Structures are given as C-alpha cells and as structure tokens.
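Single chain ahead, by itself, as structure tokens, in the form predicted on its own.
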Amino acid sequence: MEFNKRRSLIALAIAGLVGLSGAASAQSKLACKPGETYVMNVMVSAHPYWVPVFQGFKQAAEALGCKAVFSGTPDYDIAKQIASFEQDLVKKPAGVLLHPMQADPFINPINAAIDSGIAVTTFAADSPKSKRTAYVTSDNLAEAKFAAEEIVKKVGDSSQYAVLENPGQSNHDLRVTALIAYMDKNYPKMKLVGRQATNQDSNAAYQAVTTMLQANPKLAALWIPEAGSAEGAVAAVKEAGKKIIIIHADVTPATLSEIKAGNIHMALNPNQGVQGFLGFMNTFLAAHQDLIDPFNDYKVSRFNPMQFPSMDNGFAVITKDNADSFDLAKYMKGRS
C-alpha cells in the first residue's frame, strides 16, 4: 500500500515549470555544467536508510549530467556532522542535500552556505529557521495518524500503549508527539504507559522495553519513530514471550526480517528513492534560480525564487505481504 503517490509527480510539475520559464533566460538549460557537483550530507552515514535516498539523488543527477557525492559522518554526533558539512562547503559544490541531525545547530552553517552561493535543501529532518530553500519529507503527521488508527484497529480503543523516541530530531519528534496528541483527542481511553528516549540505540531500546513490559503486563502496542530502536524493542518482546503490536517508521534489513517473521506488525517507510530524486531537483533548481521567473516579488525582495517550504515524498506501508519489495540487497543488485 502506498500513500500520496501523486506527490511523486511533483518532479514532472517542476520540469513543466522550467519548460515554461524560457522567457527568464534563453541561455538557461536544465543541465549541469561540466564538473558541477552536488553533495548529499548525512549523519550515521553507514545507516541503510540513506542507500535508496542516494540512489534517487544520483539518478536525478545523472539525468542532468551532474556529479553526485555522498558525504557525512559515521557518528551520531551533531558537532561532527556540522564539521563534515563545512568541509563539503570548502569544495564549493553547487548545492547540498542535507539531513540535519538537529535543527537549530545547523541554522548558521546552512545560512553561511546560502550566503556563499551554495544551494541547500533539507530532507527527512529540517532546520526551518535557516535559509534553506526547500524541505523534502514524508508527512509525519499522516504517519502518526495512520499508526494510531492501526493500533486501535488491532488492540481496541481502551488499551495500553507506549512509545520510544529520539528527542531533537524534528521528524522523529513529530511522529511521536503527533501520535500521542491524536490518541488523546480521538481515543481518550487509550492509556500511554511508557515514553522513553532510546535515541536510535537498539540496546537502549531493549532495556527500555524490557522495563516497560515488567511494569505494564497489559501493554498492547508500541509506536517507534525509527528502525534502530525497533530492532531492540522486538528483541525484548520476543524474549518476554509477549504478543505486542509493534509499528515503527523507516526500515532496516533487520526489521524487515522481523516483519517477514510476523514479529513486527508493520513499518511506515518514506519513499526513499523519491525523496532523493526530489531532493536533488529542489537543490538543482535552487542553484539554477535563473530558470525560474515566478509571478512574485523575488527581484525586489532579493530572495531565491526556488522556495518550497515542504514537499511530501509519500510513504509506503510495509507488511509481511509486501516485504519482499523492500529487500535492500535485491534493490542494489546491479547498482553502484
């Protein structure tokens, strides 16, 4: 099942917009100059989530004759990610597609990049107070609502549930707070009995869920905003011999195996390839603002006309029935 498929057609709309903007500059083309480079920068660079995103990013880059580079830090460390981002800027890329680990610490680095003429688009997590020109993500509110409705559908509207969280990362925060708010408003008999920060650490999640199960033997469901913590959570549930509905966002090969085995109920996974493709297109257009001549005051206000506060790349629901379609090894076969 896939949601917001129409959003993936936005790329075609962008192309149409560019086609209509010929009056803006007869010399402009939807193509890169020789050697023109775009960077995708992330934290925890070995995480499998980035692989399909970069494939989409690279596909769009190659279609326009651009060079695509993957960058970031292997650590879950905001200072190290900012350092890697600033090192990327030294090489003067045309643009950067950035997943900021935290919003506010990246305000000044992003603004410095924009002020130096380097386009910046954020994806999956945002720095909304910065000058970034676009943000590409799945609809975290829609994900939370879907998860809440699925939990109630499976365990009833008067059960106990718990959440794990990763405070400070905008998309993860929204997934958690939105689900709790939705439950409070629509299903007031649902009782939140556990809320623990596990910060994408599977060991911390294992310990947290083990404690929750001991303290709340009637716990019926878990909502987790990312896959790393889901790996530890499912291990704790299996060890306790419990039957609990586990729903998490994103997916890893490990959680995909647990979905196939029936130990995780489902995952809500952003359309990663679309996210990367649209992320590149937004960054390219921000770097080539002469392609766009909108009907607004951008010339007087002196801002980049490529402003897209939020673009929804949609999300897919992964269950035991369709899990084979999300096998990363199969997806990468024949790719570089």
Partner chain sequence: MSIQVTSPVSRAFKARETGLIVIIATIFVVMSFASEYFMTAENLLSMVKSFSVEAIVVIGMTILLISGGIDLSVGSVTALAMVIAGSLFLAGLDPWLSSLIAIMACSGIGAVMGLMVTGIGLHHFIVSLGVMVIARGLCMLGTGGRPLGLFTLPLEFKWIGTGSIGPIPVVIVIFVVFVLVFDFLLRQTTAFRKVVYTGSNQKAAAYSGVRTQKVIFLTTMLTSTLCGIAGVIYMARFGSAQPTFGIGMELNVIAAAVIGGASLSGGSGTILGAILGSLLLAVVSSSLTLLNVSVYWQDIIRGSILLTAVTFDHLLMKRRG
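Residue numbers count along the first chain shown, from 1. Since the model is a prediction, treat every value here as computed from it, not as a measurement.
This protein has a second form, the form predicted in complex with the partner chain, left out of what is shown; the following refers to that one.
Exercise. Residue 167 near the partner chain in the predicted bound form, any heavy atom under 4.5 Å?
Worked result: Residue 167 belongs to the contact set for the partner chain.
For this session: Flag residue 195 as yes or no: does it have a non-hydrogen atom within 4.5 angstroms of any non-hydrogen atom of the partner chain in the predicted bound form?
Result: Answer yes; at least one heavy atom of residue 195 falls within 4.5 Å of the partner chain in the predicted bound form.
Exercise. Can you check whether residue 307 is within 4.5 Å of the partner chain in the predicted bound form, heavy atom basis?
Worked result: Result no; residue 307 lies far from the partner chain in the predicted bound form.
Exercise. Is there a non-hydrogen atom of residue 173 within 4.5 angstroms of a non-hydrogen atom of the partner chain in the predicted bound form?
Worked result: Yes, contact at 4.5 Å.
Exercise. Tell me, which of 185, 91, 242, 154 has a heavy atom within 4.5 angstroms of the partner chain in the predicted bound form?
Worked result: Of the listed residues, the single hit is 91.
Exercise. Looking at 74, 253, 217, 128, which is the one with a non-hydrogen atom within 4.5 Å of the partner chain in the predicted bound form?
Worked result: If I apply the 4.5 Å criterion carefully, the residue I get is 74.
Exercise. Which among 55 to 63, 268 to 276, 41 to 49, 284 to 292 is in contact with the partner chain in the predicted bound form, heavy atoms within 4.5 angstroms?
Worked result: Partner-contacting stretch among the options: 41 to 49.
Exercise. Any chance all of 67, 78 and 107 sit within 4.5 Å of the partner chain in the predicted bound form, going by non-hydrogen atoms?
Worked result: Yes, because 67, 78 and 107 each have a heavy atom that approaches the partner chain to within 4.5 Å in the predicted bound form.
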